[in-house]
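As a starting point, one isolated chain is supplied in structure tokens, in the form predicted alone.
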């Protein structure tokens, strides 16, 4: 019974505990494997009186075995190619993955995003902009096309009078949300997709002073718009949330992918700041959470990436 419980645990979570699987299954007798099939929850009793794999569990296990390989492949890629492929995958997955496009477009530097667009040309013989415009439908299209097309000024200069004026434009957009969704408002899209990040921080500072609350706090029903603001202004908090959602019990396979994506793309950038933010928000060190949730070689690889921030 203890061995069956150990096997179930080895197959559960993020990744697979290969050493336990090899040790127990590799040395198991036929009757032991039969007991696992009957009691492990991965098999169903067939009408012809044998235990057969549950097809859903087979697909899930394949994904878990692939996590380590996928993480290593992504890590080895040039960052431009990696971002281009992540955007392509998000477009294929549909609306639930639109936040990945927002994440890449809003957290990369201007030159990094331009590099991803160049790589996308080479890999797929299309532009990111045209694929986003043709694959995304509905209210989010205008903002997403603008974000992936951006090449922002990255200097420190901010014109406070302009920032204050644009804060008032955002306040007006929120007040008129019943007439027009803010995500479709031309001024909102222009401000978020063209202004430098220091300028946007000033805009949101003025917004708070005038409106009495933070802009993103008024966007609970506009999740993509909220994600864009968080990525532009407080990326570490955004990434902490993605990590937390990826490691929650019951997370779906696309949500789980956030763990690999964030660790691989931020290990050389700001993983220490993300780790600090995660601890502040969730009262547990990020490394300890990964240690508890991930398995096997996948876990060891993620922890190695995390250590780069020390």
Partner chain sequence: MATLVAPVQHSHIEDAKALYKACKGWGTDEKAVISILGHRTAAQRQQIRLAYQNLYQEDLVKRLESELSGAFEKAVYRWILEPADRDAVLANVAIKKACPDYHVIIEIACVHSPEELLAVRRAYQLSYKLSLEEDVAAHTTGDLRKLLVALVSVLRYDGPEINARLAKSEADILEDAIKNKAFNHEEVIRILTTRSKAQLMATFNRYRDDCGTSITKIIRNAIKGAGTDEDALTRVIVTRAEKDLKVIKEVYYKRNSVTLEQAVAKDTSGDYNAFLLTLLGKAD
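Numbering follows the first chain given and starts at 1. Everything numeric here is computed off the predicted structure, so don't read it as measured data.
Another form, the form predicted together with its partner chain, is not on view; read the next lines as being about it.
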Partner-free chain; cross-checking its partner chain in the model of the complex, the single residue of 82, 117, 222, 108 with a heavy atom within 4.5 Å is 117
Quick one: of 164, 139, 126, 201, which gets a non-hydrogen atom within 4.5 angstroms of its partner chain in the model of the complex? 126
Name the stretch: of 212-220, 192-200, 170-178, 236-244, exactly one has residues whose heavy atoms fall within 4.5 Å of its partner chain in the model of the complex. 192-200
Kindly confirm or deny that 134, 153 and 187 each have some heavy atom within 4.5 angstroms of its partner chain in the model of the complex. yes
Spell out, yes or no, whether the shortest heavy atom distance between residue 160 and its partner chain in the model of the complex is within 4.5 Å. no
Quick one: is residue 205 in contact with its partner chain in the model of the complex, heavy atoms, 4.5 Å cut-off? no
4.5 angstroms heavy atom contact with its partner chain in the model of the complex for residue 88: no
Looking in the model of the complex, any heavy atom of residue 93 within 4.5 Å of its partner chain? no
